[in-house]
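So this one's two forms of a single chain, laid out as structure tokens and tagged structure 1 and structure 2.
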Structure 1
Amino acid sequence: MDNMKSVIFIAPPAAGKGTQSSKLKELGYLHISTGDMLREEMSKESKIGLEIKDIMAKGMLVSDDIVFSLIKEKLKNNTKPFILDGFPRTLNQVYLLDQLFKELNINDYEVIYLDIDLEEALKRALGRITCECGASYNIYYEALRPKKDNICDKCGKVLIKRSDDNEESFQIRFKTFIENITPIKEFYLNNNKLHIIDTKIGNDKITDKIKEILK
């Protein structure tokens, strides 16, 4: 594990970043998910949480300042390989992150793009129910349903539907992603960091490919 590389996941919503992150967490990675951190701020009803509530519910992007301050705090004192899940999402965030990596001497990382089409991503988002413990289920896929309706197989807690996993908000999140992604991909391609994985190959094969890339 010690010499595994860090990873930045960039992917449309519901492409499986969370699922793949959980697998890497089992290996000892630090999981940094901006979406999770922002949802935590909302549930604490912190100043940031109250400020971002409406923006998040609509599926729009939170300001770079807020998201970057959360990321910076996590990375500053970290020594483990890490997963960045949901950041960067704009070219400005790419530049902020690149600058931070230079300051913190972070070089040993790869960027993985999980490719998925709109139709499949929509089905995944609308059927998705998650648990506080990080487990994720999907009512539209036989193999991904929890054993007991709405209860987490792993820890027994009641499952939650994300407030932004509705069709209207999802369409905005997907569209926002597509609008921003081209220069981000170009940046990492030019830096020889970009790897693209087609999500059609299925979760287990995706995990194998990711582990191979991060070795």
Structure 2
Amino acid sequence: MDNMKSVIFIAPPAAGKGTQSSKLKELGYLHISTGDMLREEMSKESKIGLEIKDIMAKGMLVSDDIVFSLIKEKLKNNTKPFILDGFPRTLNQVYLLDQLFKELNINDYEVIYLDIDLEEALKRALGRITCECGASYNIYYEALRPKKDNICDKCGKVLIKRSDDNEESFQIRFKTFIENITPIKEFYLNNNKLHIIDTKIGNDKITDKIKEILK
């Protein structure tokens, strides 16, 4: 892992960011997921955590400022290469992140876009079942099915289906993502940071390509 670069993953839902992030975590990467950070802060019941709880209870989106204060906290004393998982999602967040990186003198990173079409993403999402231990399976792919129906191979717990993995809500999430992503890709392309990987090549080959990019 010597001198491996950090990575920003941007990809449509079900493109496999989680799978690839897990593989990089095994190499010692710090994994930064905004969802995890917000949940962690709420469970601590810190001042900012209570504020987040209140915002989410009202069904509102947590502001970029709050998210960035958490990301900055994670990065300012970090010495390991890191993964930003599924973030930024808007052009405003791109500019804020760019500003933060300049402030913290972070420039040794690459942006990886995992390219997937709606049909394939839908199959992955609707077949996906997960375990609280972090393991993930898919009923539509033989190689990804659990050995026993609905039971985790790793810890033996019952597997669950995400509530947002239904066709209608998934299509909305996917289309919203695609509508917002073009200017983000253009920004990183113009900065010579963007790498597009076709997910059809399969997980292992994707991992090999990512490692090559991050060397």
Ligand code: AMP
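Just so we're on the same page, residue numbers count up from 1 along structure 1's sequence. So that the term is clear: the rigid core is the largest set of C-alpha atoms that superpose within 1.5 Å between two forms. Every value quoted in this text rests on a predicted model; they were computed, and no experiment measured them.
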Just one of these is the form predicted on its own; is it 1 or 2? 2
Threshold 2 Å Cα movement between structures 1 and 2 for Glu40, core superposed: yes
So, does Cys155 move by 2 Å or more at the CA between structures 1 and 2, with the core held fixed? yes
At a 2 Å cut-off on C-alpha positions, does Thr182 qualify as shifted between structures 1 and 2 after fitting the rigid core? no
When only the core is superposed, Asp64 shows a C-alpha shift between structures 1 and 2 in angstrom of 3.1
